[in-house]
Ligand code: C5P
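Here we start with a single chain on its own, the form predicted on its own, put down as structure tokens.
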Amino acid sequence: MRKVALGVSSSISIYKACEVIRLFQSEGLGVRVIMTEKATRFIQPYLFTSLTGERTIVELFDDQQRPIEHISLVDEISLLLIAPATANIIGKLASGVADDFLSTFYLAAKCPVLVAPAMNEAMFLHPQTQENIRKLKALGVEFVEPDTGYLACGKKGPGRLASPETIVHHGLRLIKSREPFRDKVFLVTAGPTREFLDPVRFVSNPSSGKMGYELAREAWQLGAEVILVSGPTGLEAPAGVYLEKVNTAEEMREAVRKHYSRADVVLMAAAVADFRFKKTLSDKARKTEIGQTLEIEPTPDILEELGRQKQRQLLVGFAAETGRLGERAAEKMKKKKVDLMVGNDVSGPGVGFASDENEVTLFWPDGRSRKIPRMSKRKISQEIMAEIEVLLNERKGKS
């Protein structure tokens, strides 16, 4: 099991470290907590020991530790994360001071280092703190920028510890980043589109966008630059991902075309409406004005257009069907010239649209297929990225 060393310093936001631990554990990572002595005045070390199952380290030398543990622990961890990080610990790291376990361990660490500051606005913006941060960044230390909000002093400003989700998201990128994804641009579409009859009525579908957002999150954590083109959803884009919001199929088409030339991998996970109204009214129509029929026309097939224009891009399509999945996915794959088709039967209960889980089958142009059993969309995204990594490595081997 890969392990994270979580350094905790004396900030009122120390309680958020408990959620940071839980989120890393949900990703299958172990956590070893290192506390500064002053941090123990906020929370007893036993709390973190109970959460992690491993003794929390405070003292540089004590009777319970292995000899020179700050050196031996180095080989066990994949990431050193300091959250919350006070101005004091940031200053120590920048100056090379090593007078406790955490600052000593930093100097010995060979793994990536991530720091999440938490302090009063004046302290964070002080020229000395900013100089210390710049110095650490120049040395390769990564930072999770603090949020702006209400602080413990009662004032509002920058310095509030970033959310545990954001901190862990950045940490996972440093742990999981893989060579085939670095310097690659991933273009991901997600969510539904809306085709309007008038300002208040539209045709759409139940897509929540969760699958596309999880794909964007996973691609970024693996080291890629990610552009997410999203229809209307209630989801927040993962940190680090560039989000472009659209409503209609035509807007999604234009956004995708704008970024397509830069993209190395394109994942068309959006559920684009297949038709739109021939005429969109500028005012809300009354029932008596609509009549018995409404004229419709097909929306552009974005995936088919991309297949015709494809040059170096790796193109991944998604086929949501309600029957004859293999036959229809294979037909779409051939017609749209995709390199990998992800098919799912959305007629099953609890999977597909608006669900946290999915069950998909992957199809390749050479006739191969692989069924991925029902699991969370987070896990499905990881399975899809593993197959994309294989395809990227195959292309690299042929070049």
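Everything numeric here is computed off the predicted structure, so don't read it as measured data. Sequential numbering from 1, following the sequence displayed.
Note that the form predicted in complex with the named molecule isn't included here; everything after this is about it.
In short, of 310-318, 157-165, 121-129, 233-241 it is 310-318 that has heavy atoms within 4.5 Å of the named molecule in the predicted bound form. In the predicted bound form, no heavy atom of T104 sits within 4.5 Å of the named molecule. At a distance threshold of 4.5 angstroms between non-hydrogen atoms, E76 is out of contact with the named molecule in the predicted bound form. Although the partner is absent from this view, A87 stays clear of the named molecule in the predicted bound form, with no non-hydrogen atom inside 4.5 angstroms. Though the partner is left out of this view, A273 does reach within 4.5 Å of the named molecule in the predicted bound form, counting heavy atoms only. Taking E225, E142, D301, D100 one by one, only a single residue has any non-hydrogen atom within 4.5 Å of the named molecule in the predicted bound form, and it is D301.
For the residues A219, M268, L80, V265, the 4.5 Å heavy atom test against the named molecule in the predicted bound form is passed only by M268.
Within 4.5 angstroms of the named molecule in the predicted bound form, the stretch 329-343 places a non-hydrogen atom from each of K332, K336, taken in sequence order.
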